[in-house]
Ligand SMILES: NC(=O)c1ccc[n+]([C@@H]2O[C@H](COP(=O)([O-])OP(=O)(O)OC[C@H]3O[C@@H](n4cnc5c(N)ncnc54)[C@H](O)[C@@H]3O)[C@@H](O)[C@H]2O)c1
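Coming up is one lone chain in structure tokens, specifically the form predicted alone.
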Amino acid sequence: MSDGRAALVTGAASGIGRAIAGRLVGDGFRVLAVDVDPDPTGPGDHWEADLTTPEGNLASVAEARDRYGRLDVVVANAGFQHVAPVQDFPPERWQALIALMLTSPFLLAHHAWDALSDSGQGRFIAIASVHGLVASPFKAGYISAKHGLLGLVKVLALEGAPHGIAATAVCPGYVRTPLVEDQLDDQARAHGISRERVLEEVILEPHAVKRMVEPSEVAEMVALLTGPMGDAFTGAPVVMDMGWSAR
């Protein structure tokens, strides 16, 4: 059990973030469930914020600290995808991807650092994707952000160790989420093939085990990392990619 510890989870309205928020609530955490479009039926205390802005990140951390009097865990999960060849990739979409999936985690860590240090068992957990380790075509913004996020986690781990803060990047393969479901149509257009062929030939092709990761499986790993075992994983990518990166 968490003994009243508090967590902030971003992108908490659906998919991986919702599963993580639900698991942490079940473990006794008080959870600020942050999303640009919160779902009032979801787990945790709902907080609306645009994390592509500095103000949204500052306000989210401040709300968690004010509401709970402490902040022990930050889970930087919020993200989106844009699929297009480099020459057609809109620069404004690049900027938004970097802002949400690289700058926001930095700002969350920056604003939460003192609270995580005071916790004595502070945890910064980034949902980074196997695309933090490998690349795929037509995803320049997403993959650049996720590769950068792994570098940020390494720095946080080194700086956090003297303060009892562990920082870890969870790197799943394709997870059964609305974001991935939306990609089926985007990838079908990009590759010029059917949605069914995208699932078989693009989404599951790199997986040695031919299924998607479930959000609950990612949430289970996050729950482990919030406990005493989390120290052992600091600075590391925890890969849950169904054998993708073994190739």
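Quick note: we count residues from 1 along the sequence shown, nothing fancier. What you see is a predicted model, and the numbers here were worked out from it, not measured in a lab.
Quick note: we don't show the form predicted in complex with the ligand, though the next part is all about it.
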*asked:* in the predicted complex, does Thr168 come within 4.5 Å of the ligand, counting heavy atoms only?
replied: no
_Is it the case that Val202, even though its partner is missing from this view, gets within 4.5 Å of the ligand in the predicted complex, heavy atoms only?_
no
*Taking heavy atoms only, is Thr52 within 4.5 angstroms of the ligand in the predicted complex?*
yes
*Could you confirm whether Lys146 comes within 4.5 Å of the ligand in the predicted complex, counting heavy atoms only?*
yes
_Can you tell me which of 175-183, 66-74, 25-33, 192-200 lies within 4.5 Å of the ligand in the predicted complex, counting heavy atoms only?_
175-183
*the ligand isn't shown here, but in the predicted complex which of Leu100, Val83, Leu116, Leu152 has a heavy atom within 4.5 Å of it?*
Leu100
*For 12-37: residues with a non-hydrogen atom within 4.5 angstroms of the ligand in the predicted complex?*
Ala13, Ser14, Gly15, Ile16, Gly17, Asp35, Val36, Asp37
